[in-house]
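Okay, here we've got a single chain as structure tokens, the form predicted on its own, with questions on binding and movement later.
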């Protein structure tokens, strides 16, 4: 057994590495710009971040490093493309590289656009230039995004028109001429053959993935984009409630589902079995968000029964003792716990019933009954352990829920748990939080399946791992 557990733990390492790469890539290529998220500024705002401030935040986040240990691309691509600050600019440059292949000319064109961006921000407003400044800023942003010749030429034409429309913006005339010249050099001197020659670039350990994963295994999950607080602190504040409700739900589910499944199997094809089966089928069919909404409306509102509080975990007085705090908290958690439990209870009971029916048909059970063994011993001594195998298999899927929680239940009942935290992070594009929770859930999934394998051997001695 020890040798098997050690082997499984060693398999965890490459599995976790593959999962971490997938989560990291999901984080990297997700929509949105983390620099603007952490700065709390709309990227399309009329007052965007200055290039200097943008680069400072990006360096602080470690986003100025290469993405991975290596890249495989063509000779036309430089090994420094990751140093271009914004992802949308990198995407445009990649398209230009694929079209022309001459990085030096492409970079010169891009630098001249950067100069225009800085210059237009330095022009003071006066009574004549507000419209011109807005249009120039807009077209400069378009030049960062465009890669098709006809659209770029059109942008040049409109930008030139507004630059020459007021005396204050005329200072940019030389810059627009320089940008046009660099663009012409890029178009007229292509080296597309470089795009056909493959190349390999090695960056070493100073890359974004290595930095992120090495911090993760040290439980340094970074900072939240919104609150600027360490993610580990925010998780620590929320994980208790999710794990508490999950743990109680698991206990209730198994304590009720196993005897209920055994009872239904023993009473197969009777009225009692039909009643239990119908009730469980109805419970399993009802979506938790709908039941939660009904409970909030009919049991938590003054217009109806008003038996329970509709949201939160309660707010005990500062001088409240343990039992008073327990009473207040449990009163608030009854409905969320019911919604969290009933679906899995119904499903697990059906699995237990099927497993028990399968075991009761076995020869050794019929032999025990033929010997005159009491029915109670036949069920709870000879049959129960083997019928638990399907139920134990499902146990491995429960572990991740102790971290990820139930998004719907926690939102509807305003519980400060991990599910609500994950939902808020997804909506706000707070991807360090999302990737941390996904990685923790993946790790718990692997641990859960290891525990399941060990429990197999515990309940059925015939199973060995030699």
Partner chain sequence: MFGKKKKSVQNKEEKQSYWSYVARQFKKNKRALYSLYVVMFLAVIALLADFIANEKPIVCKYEGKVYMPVFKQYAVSLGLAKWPTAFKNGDWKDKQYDFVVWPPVPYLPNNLDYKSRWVGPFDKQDVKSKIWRHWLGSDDLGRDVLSGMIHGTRIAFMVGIIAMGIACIIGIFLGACAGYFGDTGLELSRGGLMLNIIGILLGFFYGFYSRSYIMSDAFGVSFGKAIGAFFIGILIFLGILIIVNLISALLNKFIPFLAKRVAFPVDIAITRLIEVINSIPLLVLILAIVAIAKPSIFLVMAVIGTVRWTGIARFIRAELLRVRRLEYIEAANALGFSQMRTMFKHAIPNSLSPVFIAVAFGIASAILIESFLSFLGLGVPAETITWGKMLAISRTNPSAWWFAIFPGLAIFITVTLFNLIGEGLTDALDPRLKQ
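Note that the coordinates shown come from a computational prediction; the quantities given were computed from them, not determined experimentally. Positions refer to the first chain, counted from 1. Between two forms, the rigid core is the largest collection of C-alphas that superpose within 1.5 Å.
The form predicted in complex with its partner chain exists for this protein as well; it is not shown, and the discussion that follows is about that form.
Contact with its partner chain, judged by heavy atoms within 4.5 Å in the predicted complex, is confined among 73 to 81, 251 to 259, 322 to 330, 223 to 231 to 73 to 81. Between the options 297, 171, 118, 184, the residue in contact with its partner chain in the predicted complex by a heavy atom within 4.5 angstroms is 297. A single residue from the set 369, 154, 196, 385 has any heavy atom within 4.5 angstroms of its partner chain in the predicted complex; that residue is 196. When its partner chain is considered in the predicted complex, residue 9 lies well away from it, no heavy atom lying within 4.5 Å. Mapping the unseen interface onto this chain, residue 449 counts among the residues with a heavy atom inside 4.5 Å of its partner chain in the predicted complex. By the criterion of a heavy atom within 4.5 Å, residue 19 is counted among the residues contacting its partner chain in the predicted complex. In the predicted complex, at least one heavy atom of residue 285 sits within 4.5 Å of a heavy atom of its partner chain. A displacement of less than 2 angstroms separates the C-alpha positions of residue 363 between this form and the one not shown, with the rigid core held in common.
Relative to the superposed core, residue 423 undergoes a Cα shift smaller than 2 Å between this form and the one not shown.
In the core-superposed comparison between this form and the one not shown, residue 199 has its Cα shifted by at least 2 Å.
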